[in-house]
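A single chain, nothing else alongside it, follows as structure tokens in the form predicted on its own.
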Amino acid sequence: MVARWDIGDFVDRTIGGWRSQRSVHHLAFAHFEAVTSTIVVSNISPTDERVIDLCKIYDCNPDRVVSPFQMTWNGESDWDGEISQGQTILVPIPTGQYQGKLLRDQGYAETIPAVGEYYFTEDNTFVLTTTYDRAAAEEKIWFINDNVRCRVSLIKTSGGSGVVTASFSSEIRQN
């Protein structure tokens, strides 16, 4: 049996460069999209000014921050050939050994600051749910081994009753 992870374990395994192939089903448009991207995840200091600022926005004690990190991405879609790129700061605030809040300066479904709730299942799947103004997102990430991980994401209507977009990503560590 594999030891159960906490947020520090998950972030340690996530740090590095990843090559991602994502299949996206836009249910509202009855359209399929393939996105190829590179993702770089790096540690940042809990005392970094951006971490402190996010804690202030959400009235969280910066002393409770564990393993904050930054994620940058650069991707290309086959739908319209559009290149997407960006970065976000992610600040975990544990509320228990296997769950907590994840503060972000930019959300997944909407590009606004967001706070989500995360937890780990017994098989170490990371589950993140985030409610936005106009949508809700659910994301699950699990590792096949140290260098391969999978991610599924659902974007739902704001009430959470309808699925707008569903995606699956396979990601391979590059470094």
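Source: prediction; values computed, not measured. Don't overthink the numbering: it's just position in the shown sequence, from 1.
What comes next is about the form predicted in complex with another copy of the chain, which is not displayed.
Colleague: Look up in the predicted complex whether residue 58 has a non-hydrogen atom within 4.5 angstroms of another copy of the chain, and give yes or no.
Modeller: Taking the distances in the predicted complex, the answer for residue 58 is no, it never comes within 4.5 Å of another copy of the chain.
Colleague: Is it the case that residue 23, even though its partner is missing from this view, gets within 4.5 Å of another copy of the chain in the predicted complex, heavy atoms only?
Modeller: Contact with another copy of the chain, yes.
Colleague: Taking another copy of the chain as it sits in the predicted complex, is residue 123 near enough to touch it, meaning that at least one heavy atom pair lies within 4.5 angstroms?
Modeller: Looking in the predicted complex, residue contacts with another copy of the chain include residue 123, since a heavy atom lies within 4.5 Å.
Colleague: Find out whether any non-hydrogen atom of residue 131 is located within 4.5 angstroms of another copy of the chain in the predicted complex, and reply yes or no.
Modeller: Result no; residue 131 lies far from another copy of the chain in the predicted complex.
Colleague: Going by another copy of the chain in the predicted complex, which residues of 12-37 come within 4.5 Å of it through any heavy atom?
Modeller: Sequence-ordered list: 19, 21, 22, 23, 25, 26, 27, 30, 31, 32, 34, 35, 36.
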